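Only one chain is shown below, in structure tokens, and it's the form predicted alone.
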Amino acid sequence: MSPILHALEHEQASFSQMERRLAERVLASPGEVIHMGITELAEQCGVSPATVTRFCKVLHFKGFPDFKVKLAAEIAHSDAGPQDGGSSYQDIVAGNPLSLIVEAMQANHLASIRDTTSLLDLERLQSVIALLCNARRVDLYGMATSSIVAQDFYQKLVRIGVNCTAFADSHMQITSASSLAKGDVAFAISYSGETPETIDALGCAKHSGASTISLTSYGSSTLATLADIPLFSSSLEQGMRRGDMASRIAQLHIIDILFTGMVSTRFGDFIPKLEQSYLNVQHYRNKRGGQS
């Protein structure tokens, strides 16, 4: 199932009665919906075209045309089937031969990257890159596995001279967020979008006047609603035995896109700093290694 259909299926209980009608219609025949006009879908569900537009925006799309384009792309991937690159996440199985484990990990990671790429909104990504490039300071928030992703982004940003912090301690996140102001950026990472500590830190940063960005799994969540610009990764990895493996790869995929976009945008500024940091590390490590 595609990330969009998965989100519709699992969030129906939170929808209004009219939104639920739309969700049920899409889930029943997604292939038909992508060929409908907004008026046709509205009439079939007994709602107004404005309700359809609001429904799409609740799902973080610009409108019905954007929703159809993204849904059509996901359906195309799903129809390809696992053997041709379709989505199929595999759980940990007792006694699996190592060869099958290797194949399963490869399939999970590739599916996660592919599903995440289908959810990307280039305008949002460009806006995030612009904010990060011009920020006076960047705060990165994340707990547990998401903290590892935040630390990865921190190490990248430091190498190009961006003034940033990435605290794993929730108290320090709030402390840092309290000192942010207009012109600063807070970037919060949480797969569920419901991690209390991360929500608190981003809320504090927003109250302080900073621009706020979230990275969550696709769907409605407190963190995504709170952020000025929400970004989404695949939401299809389920089950406690998977250990957040594919979801971590999906988040790192977006981090790598943002970092590469930043360096490409300000190539003349960032590349010299990136090269200098590399040369300094080589120089001082070689110097240390040469001592007796």
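Don't overthink the numbering: it's just position in the shown sequence, from 1. Computed from a prediction, not measured in an experiment: that's the story for all the values here.
The form predicted together with the DNA exists for this protein as well; it is not shown, and the discussion that follows is about that form.
Peer 1: Should residue 31 be counted as a contact of the DNA in the predicted bound form, where contact means heavy atoms within 4.5 Å?
Peer 2: Contact with the DNA, no.
Peer 1: Hey, in the predicted bound form, is residue 265 touching the DNA, heavy atoms inside 4.5 Å?
Peer 2: Because no heavy atom of residue 265 falls inside 4.5 Å of the DNA in the predicted bound form, the answer is no.
Peer 1: Classify residue 27 as contacting or not contacting the DNA in the predicted bound form by the rule of any non-hydrogen atom within 4.5 angstroms, answering yes or no.
Peer 2: The answer is no: residue 27 has no heavy atom within 4.5 Å of the DNA.
Peer 1: Using the partner position in the predicted bound form, report whether residue 50 sits within 4.5 Å of the DNA, counting heavy atoms only.
Peer 2: Yes, residue 50 sits close enough to the DNA in the predicted bound form that at least one of its heavy atoms falls within 4.5 Å.
Peer 1: Quick one: 18, 38 and 57 and the DNA in the predicted bound form, is every residue within 4.5 Å by at least one heavy atom?
Peer 2: Every listed residue reaches the DNA in the predicted bound form, so yes.
Peer 1: Scan 58-73 and write down, in order along the chain, each residue with a heavy atom lying within 4.5 Å of the DNA in the predicted bound form.
Peer 2: Result: 62, 63, 64, 65, 68.
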